[in-house]
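This document starts with one chain, in the form predicted on its own, laid out as structure tokens.
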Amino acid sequence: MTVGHLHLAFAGGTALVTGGRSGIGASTVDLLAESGLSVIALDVSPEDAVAHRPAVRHAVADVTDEAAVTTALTDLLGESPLDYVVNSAGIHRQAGLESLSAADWRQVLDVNLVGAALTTKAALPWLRRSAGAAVVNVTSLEASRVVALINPEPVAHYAASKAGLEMLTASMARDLGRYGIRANSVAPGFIQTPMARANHAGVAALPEQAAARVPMGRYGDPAEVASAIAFLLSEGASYITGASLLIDGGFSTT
């Protein structure tokens, strides 16, 4: 199945996408650039792994390092406004509760949850200069549902980090609304990303035990998530804030 992006026209502006060099983040960078935005793709991976795109500027920073994110934004934006932030950076390690160390918990929570908070905080001075800023956080189906199908053990630290990110989104919506900044989240299910392939033994098709629970019967494409993110950033969602959009092919109905 070939999946294309939903094309939304933005009247200019600048977006920051974390985790912008892989998976959902990379697809979101592509779509927003195609839609007329100037995009900053921020990641910890080196820039030379990515094809050059004129509308995209690259920054190397760790989202858990607020000072590094601030420096990157200062260098790239100066006094110009930032209109959109997409917190897509995330990590996952398949392990059951008994196997998880304190270091495992801290690493996943720091990147997936604290990183989104620090990145948004760092971006706030630039977001406040925008006339209609918006933030979208990438959470997960696992934020609200225990999943133990392909692997027999739920991934407690990952699920907890994404559940926390859902509540952080609600808190952002309440707190940042006074500045005219909206905050929403998307909660993807089984999406065909490098991280998912690594967790699912590298298979191209959705494993049988998961496919039986997904009415659509397939992995989602990162472009399908990127389209939802773009909608929530756009003027078409101008009265939506504090919402979470589930993108799981119907898994949650089973």
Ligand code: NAP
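Just so we're clear, the structure is a prediction, and the values are computed from it rather than from any experiment. Throughout, we count residues from 1 along the sequence that is shown.
Just so you know, the form predicted in complex with the ligand exists too; it's not on screen, but the next bit is about it.
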{"property": "Proximity of residue 22 to the ligand in the model of the complex, heavy atoms at 4.5 Å", "result": "yes"}
{"property": "Residue 30 within 4.5 Å of the ligand in the model of the complex, heavy atoms", "result": "no"}
{"property": "Residue 194: touches the ligand in the model of the complex, heavy atom cutoff 4.5 angstroms", "result": "yes"}
{"property": "Touches the ligand in the model of the complex: residue 158 (any heavy atom, 4.5 Å)", "result": "yes"}
{"property": "Option from 169-177, 75-83, 131-139, 98-106 whose residues, in the model of the complex, bring a heavy atom within 4.5 Å of the ligand", "result": "131-139"}
{"property": "Full three-residue contact with the ligand in the model of the complex, heavy atom 4.5 Å, for 44, 62 and 188", "result": "yes"}
{"property": "Interface residues of 103-122 toward the ligand, as seen in the model of the complex [heavy atoms, 4.5 Å]", "result": "111"}
